[in-house]
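Next comes just one chain, in structure tokens: the form predicted alone.
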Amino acid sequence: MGMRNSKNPWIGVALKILACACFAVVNGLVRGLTGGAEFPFAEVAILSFAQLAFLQNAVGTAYMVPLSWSTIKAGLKLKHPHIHLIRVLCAVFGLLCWYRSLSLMPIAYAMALSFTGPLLTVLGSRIFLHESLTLYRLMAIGLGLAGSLIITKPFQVLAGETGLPFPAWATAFPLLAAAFWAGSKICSRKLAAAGESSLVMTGALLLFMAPVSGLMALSSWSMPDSTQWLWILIIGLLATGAHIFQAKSFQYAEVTFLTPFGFSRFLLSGLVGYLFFGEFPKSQTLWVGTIVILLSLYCLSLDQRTLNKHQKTRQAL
């Protein structure tokens, strides 16, 4: 089934966890730079979340150009430009909503709610791509919805008694980020089904995310100082490294095997929140809701595992 080195799946696990660690540190730096919390080890002026999203995209593209110039050039050869445009817009708005959420709430809360993304992808794939809804997928959607309701406490919000350490309306941003990223993934599936190569799709994101996010940042632009530039370069390097490590992990192990290890992003992000800002969520509802959402993602991994077994059986016949 296409694992380059099936004898060393644990190398894939190590790369996956390394990618999650990079993303976790990025989350912490973004929270500090956007004013969500104060760094205990440095005084840094606040940047707008839109400007930071643009600068990360620009720096990430600059890092990738010498590594994959052929990918950049491939991004100009679009067969379906309208779908690519929707995909890029979804990716940009997803990043903007994610950075906005980090500026408003502790990392652990934002991360827990962002795990609804795969569930929204399944639901969107059913609506827009007419993919089937298996029992595992239905269970996953139900559990994911239940977990989100436990964390966001919508009924307490209506009663004006949330007990959340941030404004109740802030919970919309990680959910919106998850929805936009789900839209980007659905567009990717649509493009793949239409015969677009992965090289072209990657190149399109590298080429167009920075300009589009730059337009969003114009209204809040201020020139970063030297300290801010240093952190921006580190964020771009970590984010780029995370994507590379994640892509490499799939060369050593199957997606279904690696999926449970992706949950480490929540634990590592929570650890970064605690080490950077002293944020340790004591809310029982957060932990209960997170466990329910992670169970929903486990259902999706079981569904994919079942699908892979059926495919192998058909190939053997």
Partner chain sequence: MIQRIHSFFETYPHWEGALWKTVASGCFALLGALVKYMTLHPDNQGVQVQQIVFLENTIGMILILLPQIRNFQGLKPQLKRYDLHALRIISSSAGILLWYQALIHMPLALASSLSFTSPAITLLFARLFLKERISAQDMMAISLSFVGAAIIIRPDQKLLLGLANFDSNMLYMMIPLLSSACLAASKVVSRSMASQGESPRIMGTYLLLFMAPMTALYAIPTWAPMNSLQLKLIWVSGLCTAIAHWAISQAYACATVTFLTPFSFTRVFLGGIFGFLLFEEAPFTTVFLIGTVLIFSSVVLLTLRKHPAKPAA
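Numbering follows the first chain given and starts at 1. This is a predicted model, so every value here is computed, not measured.
Form predicted together with its partner chain: not shown, discussed below.
Stretch 176-184 is the contacting one of 130-138, 176-184, 230-238, 109-117, since its residues have non-hydrogen atoms within 4.5 Å of its partner chain in the model of the complex.
Residues Ile11, Phe261 and Leu271 are none of them found to lie within 4.5 Å of its partner chain in the model of the complex, as judged by heavy atom distances. Shown alone here, Phe166 lies farther than 4.5 Å from its partner chain in the model of the complex, counting heavy atoms only. Contact check for Cys97: a heavy atom falls within 4.5 Å of its partner chain in the model of the complex. Taking non-hydrogen atoms only, Phe245 never approaches its partner chain to within 4.5 angstroms in the model of the complex. Using a 4.5 Å cutoff between non-hydrogen atoms, Leu191 does not count as a contact of its partner chain in the model of the complex. In the model of the complex, the residues of 78-99 lying within 4.5 Å of its partner chain by at least one heavy atom are, in order, Leu85, Leu89, Phe93, Leu96, Cys97.
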